[in-house]
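Just one chain is shown here, as structure tokens, and it is the form predicted on its own.
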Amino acid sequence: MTGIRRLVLDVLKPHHPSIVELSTVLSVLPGVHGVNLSLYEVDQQTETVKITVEGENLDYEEIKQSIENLGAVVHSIDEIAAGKRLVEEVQTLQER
């Protein structure tokens, strides 16, 4: 199968629901094999989280809508991988 296999999203969310609840909602979407949420910043009313979703033929619009339904907003797509297999990033000499 081809299509989107990994999405890394920068998301701003309210304190409630928790990242546990958000990850549970995302983990049951069609095509999703795994979800990882990392908390990066906590403000008085919001939290910034990085969400990594892996699977097969991921539907970005469905994932985005599920996030928005919980009162959060996607700031950016920080990484996307598509195709028959995942390709890991390799550091170049300039990045070292």
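All residue numbers refer to positions in the sequence shown, first residue = 1. Keep in mind that what you see is a predicted model, and the values were worked out from it rather than measured.
One more form of this protein, predicted in complex with another copy of the chain, exists but is not displayed; see below.
None of the heavy atoms of Ile67 is located within 4.5 Å of another copy of the chain in the model of the complex. Val35 belongs to the set of residues with a heavy atom inside 4.5 Å of another copy of the chain in the model of the complex. In the model of the complex, another copy of the chain sits within 4.5 Å of a heavy atom belonging to Gly83. For Thr52, a non-hydrogen atom is located within 4.5 Å of another copy of the chain in the model of the complex, even though that partner is not displayed. Taking another copy of the chain as it sits in the model of the complex, the stretch 15 to 34 comes within 4.5 angstroms of it through a non-hydrogen atom at Ile19, Val20, Ser23, Ser27, Val28, Val32, His33, Gly34.
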